[in-house]
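Okay, here we've got a single chain as structure tokens, the form predicted on its own, with questions on binding and movement later.
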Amino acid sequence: MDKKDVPQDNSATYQGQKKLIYAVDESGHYQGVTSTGWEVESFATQMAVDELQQQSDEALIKAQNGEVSSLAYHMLRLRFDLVSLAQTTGFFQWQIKRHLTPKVFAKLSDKKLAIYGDVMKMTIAELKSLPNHNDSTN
């Protein structure tokens, strides 16, 4: 991409920040150029954020209905998946899958809950609780 073609669409997803992009200058050398974003990237980012929010909302409803543990909701709300949560907690993925079931989660030791809490920056009480439906957008 030529330096003069770097998009400057003032993307809302950048929240006033700029992104460094490498583009070709007049002499054919790569040079860093800041961009305020572009429409296509903003649209794709917003779609991904909306999808994650929908998954989080669905997990909250399932947790409120007792189909999954509150850990399932908090995991998705904080943008973790099984792989990233396993990597950060040190638990195996199969262990986390078990912890997503309400019966198993209810019997977890405070030591194991503290590991989740440390990673998610939550207290054990917060980890065990669920927001009211109106609070789930936070």
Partner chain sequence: MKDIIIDIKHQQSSHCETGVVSTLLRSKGLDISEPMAFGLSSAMTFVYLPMVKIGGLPLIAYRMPPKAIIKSVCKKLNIELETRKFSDQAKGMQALDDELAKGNLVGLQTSVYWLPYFPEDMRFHFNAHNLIVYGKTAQGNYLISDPVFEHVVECPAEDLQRARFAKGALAAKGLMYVVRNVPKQVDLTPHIYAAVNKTAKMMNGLLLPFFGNKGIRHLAKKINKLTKEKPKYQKLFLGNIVRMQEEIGTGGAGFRFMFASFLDEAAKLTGDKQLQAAAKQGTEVGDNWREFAMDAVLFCKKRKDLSLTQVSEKLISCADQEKSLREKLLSIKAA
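Values in this document were obtained by computation on a predicted structure and should not be read as measured data. Here the rigid core means the biggest group of C-alpha atoms that line up within 1.5 Å when the two forms are laid on top of each other. Positions refer to the first chain, counted from 1.
Just so you know, the form predicted in complex with its partner chain exists too; it's not on screen, but the next bit is about it.
For the options Thr34, Asn65, Ser109, Gln93, the one in contact with its partner chain in the predicted complex, meaning a heavy atom within 4.5 Å, is Thr34. Proximity of Pro7 to its partner chain in the predicted complex: non-hydrogen atoms within 4.5 Å are present. Though the partner is left out of this view, Ala114 does not reach within 4.5 Å of its partner chain in the predicted complex, counting heavy atoms only. Heavy atoms of Gln17 reach within 4.5 Å of its partner chain in the predicted complex, making it an interface residue. Within this chain, Met120 lines the site of its partner chain in the predicted complex, having a heavy atom no more than 4.5 Å away.
Residues are counted as partner-facing when one of their heavy atoms sits within 4.5 Å of its partner chain in the predicted complex; in 39-71 these are Glu39, Val40, Glu41, Phe43, Ala44, Thr45, Gln46, Met47, Ala48, Val49, Glu51, Gln54, in sequence order. Once both forms are fitted on their rigid core, the CA atom of Thr123 lies less than 2 Å apart between this form and the one not shown. Core-superposed comparison between this form and the one not shown: the Cα of Gly66 travels less than 2 Å.
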